[in-house]
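As structure tokens, one chain now follows by itself in the form predicted on its own.
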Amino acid sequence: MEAMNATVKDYILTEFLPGERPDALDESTPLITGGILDSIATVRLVVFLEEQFGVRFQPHEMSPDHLDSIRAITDTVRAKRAEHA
């Protein structure tokens, strides 16, 4: 697992799934549609992503299309970083 995926996974496990086994969360686990992230948790995740990776999310990007799995999150962050490279 690459560093960005590991960082996002560690944050989600620590903040939203304390005590959960790490192997219970993979890159495709549904976070929003699966009920792991509610609206407040989603905002907290976005703040973390912005601070950790130096990107900015638009309000319409705080949705399952961009944040429903670790894979979707890291794809979105990578795309945002590439826009500003």
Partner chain sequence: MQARARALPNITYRYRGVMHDVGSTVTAPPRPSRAALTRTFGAAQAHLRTLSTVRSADVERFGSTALQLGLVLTVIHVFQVEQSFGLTRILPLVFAGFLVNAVLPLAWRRTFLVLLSLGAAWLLFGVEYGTGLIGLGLGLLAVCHLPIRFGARVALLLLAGAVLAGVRAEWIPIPFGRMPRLPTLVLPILGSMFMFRLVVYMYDLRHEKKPATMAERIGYFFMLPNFCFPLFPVVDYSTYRRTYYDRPALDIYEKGVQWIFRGVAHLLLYRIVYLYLVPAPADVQSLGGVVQAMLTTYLLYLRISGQFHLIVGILCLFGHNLPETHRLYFLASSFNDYWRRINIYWKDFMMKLFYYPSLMRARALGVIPAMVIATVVVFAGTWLLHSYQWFWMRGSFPLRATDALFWGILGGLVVINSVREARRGRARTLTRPEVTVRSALSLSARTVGMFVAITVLWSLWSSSTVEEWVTLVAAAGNSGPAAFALLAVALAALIAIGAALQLAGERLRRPAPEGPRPPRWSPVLASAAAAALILVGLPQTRAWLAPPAAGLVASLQDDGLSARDEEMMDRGYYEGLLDADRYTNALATVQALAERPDDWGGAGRVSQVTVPRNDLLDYENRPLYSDVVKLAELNINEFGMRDRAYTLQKPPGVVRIAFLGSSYEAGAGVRDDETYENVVEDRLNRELGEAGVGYEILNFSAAGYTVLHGFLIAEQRAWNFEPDAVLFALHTNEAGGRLLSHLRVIVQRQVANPYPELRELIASTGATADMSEREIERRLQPILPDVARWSLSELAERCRSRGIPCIATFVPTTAQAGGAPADRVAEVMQMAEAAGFTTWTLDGAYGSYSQDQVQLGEWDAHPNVLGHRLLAAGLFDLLVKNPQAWQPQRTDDAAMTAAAQ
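Small disclaimer: the values here were computed from a predicted structure and weren't measured. Residue numbers count along the first chain shown, from 1.
Missing here is the form predicted together with the partner chain; even so, the following discussion is about that form.
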Just to confirm, V77 within 4.5 Å of the partner chain in the predicted bound form by heavy atoms?
-> no
Is I70 close enough to touch the partner chain in the predicted bound form, meaning at least one heavy atom pair within 4.5 Å?
-> no
Would you check, heavy atoms only and a 4.5 Å threshold, whether G54 touches the partner chain in the predicted bound form?
-> no
Given that the partner is absent here, does F16 sit within 4.5 Å of the partner chain in the predicted bound form, heavy atoms only?
-> yes
Between 51-65 and the partner chain in the predicted bound form, list the residues on our side with a heavy atom within 4.5 Å.
-> R56, F57, Q58, P59, H60, M62, P64, D65
